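Encoded as structure tokens, the following chain is the form predicted alone, with no partner shown.
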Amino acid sequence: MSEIALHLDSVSKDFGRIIALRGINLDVQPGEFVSILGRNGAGKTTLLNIISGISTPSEGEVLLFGTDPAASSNKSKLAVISHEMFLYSNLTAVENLEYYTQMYRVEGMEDKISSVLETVELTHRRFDLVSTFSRGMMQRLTIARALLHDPQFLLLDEPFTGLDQHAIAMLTTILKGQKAQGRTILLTTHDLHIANDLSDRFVVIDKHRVVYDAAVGALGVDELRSRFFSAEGAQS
């Protein structure tokens, strides 16, 4: 049996008097695609920060591949795509990717960079400064950066925000491809239809707690929206 990819046991996070998460229990198996759904302020980004080792819980235990998320052994296993793109605007697309291949000690740098740029359809802009890119193009380059070192686990925090329809379709195709390759993927999103199309499982966070956790299809998209995201539903 494969080692569990992610284990959270009674994880809580407070910022002074502000409650961000309360008693989160979550297990994610290798190769599983899980979408975390919830309103703004529900605690989704805080949860991903804890999983990635950026933040530590106030209470509870978090294990990523059986170890502390911040352990050096997890650096090469994890990739994060978030609102912060971690790109250098005064460098070209290729120069940005070269920097990260050196950071992650990626072998076959030139071939790998060419491959990921082709995946995100940025080959024709490879020598252009990132400062000349649209937001959608920068997001695509961020995805290329995340794929450089062949991570086992992808954490995506609202990656579809601000993308045009072409970029959304491209990212959806990329994520389906990553899933087919056996990557473990955890996605936060507001878009129930995208989550339904991509995921094996829905986890809904409301009022900083997990209020629903089931396989996709256990509830239809309309019923999920009605129960957890309607105007009459609980506010976060």
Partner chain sequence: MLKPSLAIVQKDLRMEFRSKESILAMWIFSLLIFVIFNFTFEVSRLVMLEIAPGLLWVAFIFSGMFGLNHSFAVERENGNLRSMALMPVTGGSIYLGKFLSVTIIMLLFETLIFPIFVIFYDLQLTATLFLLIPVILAGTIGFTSLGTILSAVSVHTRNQQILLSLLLWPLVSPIIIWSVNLTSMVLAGEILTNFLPLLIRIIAFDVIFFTISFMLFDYILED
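Source: prediction; values computed, not measured. Residue numbers count along the first chain shown, from 1.
Although not depicted, the form predicted in complex with the partner chain is the subject of the following passage.
Residues in which of 204-212, 27-35, 169-177, 49-57 have heavy atoms within 4.5 Å of the partner chain in the model of the complex?
After filtering at 4.5 Å, what remains is 49-57.
Non-hydrogen atoms within 4.5 angstroms of the partner chain in the model of the complex: do Ser89, Tyr104 and Met138 all have one?
Result yes, every residue of the spot touches the partner chain.
Exactly one of Ser134, Thr161, Ser76, Ser115 has a non-hydrogen atom within 4.5 Å of the partner chain in the model of the complex; which residue is it?
Of Ser134, Thr161, Ser76, Ser115, the residue with a heavy atom within 4.5 Å of the partner chain in the model of the complex is Ser76.
Since only the chain is shown here, I'm wondering whether Glu121 would be in contact with the partner chain in the model of the complex (any heavy atom pair within 4.5 Å).
No, Glu121 sits far enough from the partner chain in the model of the complex that none of its heavy atoms falls within 4.5 Å.
Is Ser72 a contact residue for the partner chain in the model of the complex, using a 4.5 Å heavy atom cut-off?
It does: once the partner chain is placed as it appears in the model of the complex, Ser72 has a heavy atom within 4.5 Å of it.
Taking 4.5 angstroms as the cut-off for heavy atoms, does Asp150 touch the partner chain in the model of the complex?
Asp150: no contact with the partner chain in the model of the complex.
Would Asp111 sit within 4.5 Å of the partner chain in the model of the complex, counting heavy atoms only?
No, Asp111 sits far enough from the partner chain in the model of the complex that none of its heavy atoms falls within 4.5 Å.
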